[in-house]
Structures are given as C-alpha cells and as structure tokens.
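As a starting point, one isolated chain is supplied in structure tokens, in the form predicted alone.
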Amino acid sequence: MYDIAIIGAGPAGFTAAIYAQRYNMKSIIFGDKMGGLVTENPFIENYPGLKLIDGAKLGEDMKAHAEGLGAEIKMEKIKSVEKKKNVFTLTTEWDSRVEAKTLLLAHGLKRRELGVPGEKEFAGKGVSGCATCDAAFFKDKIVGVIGGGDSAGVAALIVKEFATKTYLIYRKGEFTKMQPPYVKKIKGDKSIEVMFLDDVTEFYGKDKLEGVKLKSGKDLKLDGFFIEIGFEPEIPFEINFKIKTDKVGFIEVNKNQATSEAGVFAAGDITTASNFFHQIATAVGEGSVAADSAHLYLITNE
C-alpha cells in the first residue's frame, strides 16, 4: 500500500514525489513520458537558478532526485482508478494494480488538433507535434509550423536549425501569447517567414506530406509540418468517482490543491490554479503544495 500514487511524470509529479518522500510517505509515480512535455523544449531560460538548461536534462534531473529519495517510478499509462473504502486502486495498461491512500493527478494536458482533412492520414508521414523529436528528419527541407504561443515559437526555432525554409503560420495578426524573447528571435531570422492572419485548411500528398492548403487560398509545398496550437485538458483514464472541473475541463482545486473528491489532489497544467499560467515554476509550486496537503490529509484521517 502506497501513501500516495502520482499520475504524471512531469515537474508537478516529480516535485510532489520529492516532498512526499521527505515526509516519509511511500510514493509511486506513473507516466508514459518521463519528464513530461518539458523534455521537448531544448532551451529553458526562465527556471530560477538555471539561466539555460535543456528540457530533457531538467526532466532527467527531477526524475533522479525523486528516485534518489526512494520514490518508485513506473513508465506505464493508467487505464483506470477505482476508489473503495478510501483506498485507490490504479490499474495500468498492462493490467498491473497498485493501491494507495491518496491520489495526485498531475498528468498535464493533451495536444490540440486542427481537425482538418489529411491531418490524421499524414501523422508520422510529415505531420508531427514534436519538433524536438522530429525536426532532424527535415534537414535541408521546407517545413511549416502552425501556432502563436510559446510551443509554436520553440518549434520554429528548433526546426529552423535543420530546414532551409520555415513557415510559421498564425491565425491572428500578432504574437500576443508568445514570450517576447522568442518573438524577437523569430522576427530577426531570415530563414523563418511568418504568415499572420492565415490558417491551414488541408494537408495533401500521396505516400507522404507534400503540402498544405491555406485559408487565404495559398498553397505551400512542404516536406514537413508541426502542429503547435496549444493543449487542452482531459482525464485519459476511467474513474468511478466524480471530480469537479470547470466548463473547459480543467480540474478545480482549492488553495491546498485538493479536488472535490476526498483524498484526491491535482497539480500542474491540468488544474485551475496559478491563474492558468502554465509554467515549470508554477507546476513545481503546485506539486509541493499538493504533497504537503496529502501528508496533512493522511495525518488527519489516520
């Protein structure tokens, strides 16, 4: 029996595990991507104390820290969570089961899709959602990126290191959600062509992606394309209890990171906390508060 089971192996989950272990709580973390989405950013420049660090390195360091304190880590997806008599039973995709006294949801968000013709057909055949993973496949090629936030900015800056030409497409007239340093780098790079007030309406090709059609009527011949239009909340596993969410689907939490269900806490991008400011720093803060709250919950209920 674990004191806390954590779903999500990103900054929020690892931080919670670090604090939980320091409280002598037996903890286990489940995640299918060690380090979470932070590992896809090769240049993190806003985490206190670290002027510049690769996301994969930061994720690995967090994992090592939690593991070094005794947290158990499983690279498995959770299929379902059942609560019975104040005990949570987690079943994984491989049908293994663990029991825990408290539960922390820190699984982050899922990528948004454009929902246009050809998107699914060319997924993995030129269309991708991870520039860190796939940019190198398009060396000396022409590549497109769509989006106007930080993830799109990072993707464009990664891709341009390999591609001969990078198109950055954004449906609005200016980058209002992208960090100024990214905007400055993008606008100062001649290999990146920004296309404001436009959108993708179709991906086309034969065996692989050959181009995209735009709302403006333009037709871009491309070898690769990265979709970076943000993320949305979901609970990607079955639960036999109800958790209150906002109208979009973010898990509602109080100042203690507690959800509407007793013994269930949430931290990171999936929550309504931190004014929806989805940063590593806020995820770390929420994870530490959640672990402290779970510790107090156990003391109170035991």
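Just so it is clear, the model here is predicted, and its values are computed rather than measured. Don't overthink the numbering: it's just position in the shown sequence, from 1.
Omitted here: the form predicted together with a small molecule. The next part is about that form.
For the candidate set Asp32, Glu67, Asp61, Glu252, a heavy atom within 4.5 Å of the small molecule in the predicted bound form is found for exactly one residue, namely Asp32. For the candidate set Glu82, Glu76, Glu210, Asp189, a heavy atom within 4.5 Å of the small molecule in the predicted bound form is found for exactly one residue, namely Glu76. Only one of 104-112, 200-208, 137-145, 214-222 lies within 4.5 Å of the small molecule in the predicted bound form by heavy atoms, and it is 104-112. For the three marked residues, Gly36, Phe231 and Ala267, a heavy atom of each sits within 4.5 Å of the small molecule in the predicted bound form. Residue contact check for Asn46: one or more of its heavy atoms lie within 4.5 Å of the small molecule in the predicted bound form. Heavy atoms of Thr259 never reach within 4.5 Å of the small molecule in the predicted bound form, leaving it off the interface.
Of the heavy atoms in Tyr182, some are within 4.5 Å of the small molecule in the predicted bound form.
The closest heavy atom approach of Gln279 to the small molecule in the predicted bound form falls within 4.5 Å.
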